[in-house]
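Below, in structure tokens: the form predicted on its own, a single chain.
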């Protein structure tokens, strides 16, 4: 019995993709991340003078190597909650003259040893753009426009000449800017009503664009869909600032606090609904203000709180420390599966999501971790992110999906199969990403292509674990890693007949199926991420 006959005999799930039906081009910036001044993200994360891998400026080159391997194109900085109490002027000029400050967001002391110019040096070494956040919590319009002048104006003005005096002759040319952070949150320093924030964001945007008309601006949307004000906050803010901004932000985090894996893996559906609700809010305001512009979205904080990290945070003692390293924990394989589905949600909404940032990059809620004076290692969530960032660039394809479903509490009719498909930028490769949410049974799947030239299967990257709680640690950095099927092994497990690909997805697995145009050469994409 052929592979296709076996799949058909088991009533497979089905994915249909058609060349004429697309979501739209994928902006590479959806594979971004966040570096915030908190815990060991900066100090002891990207920056550790004296480490064997530190460069002349104190930045860890092993960390930079993993950032490059991930393929992260943009990093949001310096927060996060931190930015709402941050005076950017404290972080420029000679480090010996910088004042130490109290960080009110994370109840820690901030030395300001790493500031704006140091971070932008690191960003250049890591090959990433900076998505720079301005303080609209305790500060106002003037500080924001001065920061744009310092960063982007060539020279011949007070703040640009100060940058030159600090040893940075050429302007940084930062394109993307966040107008504050989570301004609806009662935890936020300088939190505001939607009306007050919307007016402030509008005025800041106008002043910042006077300095540099080419910048793009992200207004704060609701900090979580669990806020009572969601999505009214978004509507009110945009009624004040719609034509002055380019993006509205979304944030969300998930945790498996109840221990129900089936319900946990279904929570990416909540992310889909959140995106769709915010899109509706944006389009409502567009109609109300009669704008010709269609607003895009920036999912500039998304990620997973591991149960260990959540327990640490909930028991946090708010006492002044040098750094509150309480939220470091191990991600499980189960977390990696949900992270994969959340990435698929971003890809499926590529027509509106143009920026997204996993929070955070290193040590706290991180894609990878590092030990003081020691090695780096990849968290389980590293791998789906790296696969998506490597192979998920091009055109998001609309797909028709049919699969068995299950109920998980409030989430009804959850498909056991989650999937997204991407046509590469050169249109010589189709990549199908798929998660089998069924925890106990493999899932037979047919992938049907319509309107494409003949394609052949070249690789099946498989990420699975018999233990959903398994993770990678300093002692066992390679406990849960993906495998790759090519050649004869691929031919034995995957069948291509005409326009249909048939295979079985193992229970509880993340899968990347690569199909290359038959006449295309076997040239690997530039990044590994395996």
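Positions refer to the first chain, counted from 1. Since the model is a prediction, treat every value here as computed from it, not as a measurement.
The form predicted in complex with alpha-L-arabinofuranose (AHR) is left out here; the points below concern that form.
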item: One residue of 92, 359, 336, 370 in contact with alpha-L-arabinofuranose (AHR), assessed in the predicted bound form (non-hydrogen atom, 4.5 angstroms); value: 359
item: The unique member of 222, 181, 298, 379 whose heavy atoms fall within 4.5 Å of alpha-L-arabinofuranose (AHR) in the predicted bound form; value: 181
item: Non-hydrogen atom contact residue 115 with alpha-L-arabinofuranose (AHR) in the predicted bound form at 4.5 angstroms; value: no
item: Contact flag, residue 48 vs alpha-L-arabinofuranose (AHR) in the predicted bound form, heavy atom cut 4.5 Å; value: no
item: Close approach of residue 71 to alpha-L-arabinofuranose (AHR) in the predicted bound form, 4.5 Å, heavy atom; value: no
item: alpha-L-arabinofuranose (AHR) contact in the predicted bound form: residue 305, any heavy atom under 4.5 Å; value: yes
item: Contact segment among 35 to 43, 460 to 468, 490 to 498, 61 to 69, judged by heavy atoms lying within 4.5 Å of alpha-L-arabinofuranose (AHR) in the predicted bound form; value: 35 to 43
item: Three-residue site 30, 254 and 385 fully in contact with alpha-L-arabinofuranose (AHR) in the predicted bound form at 4.5 Å by heavy atom; value: no
item: Those residues of 56 to 81 which, in the predicted bound form, come within 4.5 Å of alpha-L-arabinofuranose (AHR) by heavy atom; value: 80, 81
